[in-house]
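Starting off, we have a lone chain in the form predicted alone, written out as structure tokens.
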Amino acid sequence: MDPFSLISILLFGIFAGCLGAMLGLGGGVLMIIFFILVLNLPAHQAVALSLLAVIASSSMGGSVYLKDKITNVKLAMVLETCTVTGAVAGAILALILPSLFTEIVLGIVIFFAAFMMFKSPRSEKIVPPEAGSRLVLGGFYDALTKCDVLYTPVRMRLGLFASLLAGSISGIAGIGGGVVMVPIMNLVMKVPIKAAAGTSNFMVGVTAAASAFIYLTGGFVDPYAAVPTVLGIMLGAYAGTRIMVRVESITIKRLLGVVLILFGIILFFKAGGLLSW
């Protein structure tokens, strides 16, 4: 790979890492598009590198969110049991089966989630502890409003099912599953958007690692492209975590909605044969 391509990966990785850490997506959503549309890398190689980007973003961003106590570790561990299972299954299916149906269904789900993000009110409805699962009761200090936010997730069964779906998507498309988990936690489980982003950022690294192992053993990881990918993502992820805590929740929701629409369009193009990955 030529020096110009390596530098472009580094610079775009900084941008993708910043946005991914802010929204809890891990950066893989943007990196997979960049690798295929700009650098024209083979599909499985692009997915493998994207998964490495997700792991790097989660390692950097997750550590900062843990320090700031934004991540709900208990909730992440409960949901992760399903996402890892789905990630391994999705990675195996991606290597042996066409994913047309998954892409169409995911595209529809993502457009619906984007619509709900734009439609959501400026203030978030917090569920009191007695109305939800006390097992995963969470709370964090919002640096913008300068007050503590206490909440408890609801609809745990639906959340677990969605986690299985998110993990499968991660293995098939190489995006880490955050593009599904953040809307599910925020819209369905009533987790505040900042806590949802922080928790998702913690989760996607584990999910992506489960899928990446399949691609690594298959020889799809390019070590020359992996270095600027990981470096750029980690630099951007750190910047993204610092920005997120100082931004209003409604701004994060609107920005996430734009990214969801972009990814939904890409998925429909892919399902229609206009893109190959």
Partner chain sequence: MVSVETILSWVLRAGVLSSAALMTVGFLSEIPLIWAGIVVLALTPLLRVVIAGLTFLSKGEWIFFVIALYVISVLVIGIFL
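Here the structure is a predicted model, which is why all the values come from computation and not from measurement. Numbering follows the first chain given and starts at 1.
Beyond the structure shown, there is the form predicted in complex with the partner chain, which is absent from this document and is the topic of what follows.
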| item | value |
| --- | --- |
| In the model of the complex, residue 247 touching the partner chain (heavy atom, 4.5 Å) | no |
| Proximity of residue 203 to the partner chain in the model of the complex, heavy atoms at 4.5 Å | yes |
| Residue contact check: residue 62 to the partner chain in the model of the complex, 4.5 Å heavy atom | yes |
| Contact flag, residue 143 vs the partner chain in the model of the complex, heavy atom cut 4.5 Å | no |
| Proximity to the partner chain in the model of the complex, single hit among 239, 210, 41, 33 (heavy atom within 4.5 Å) | 210 |
| One residue of 187, 84, 114, 165 in contact with the partner chain, assessed in the model of the complex (non-hydrogen atom, 4.5 angstroms) | 84 |
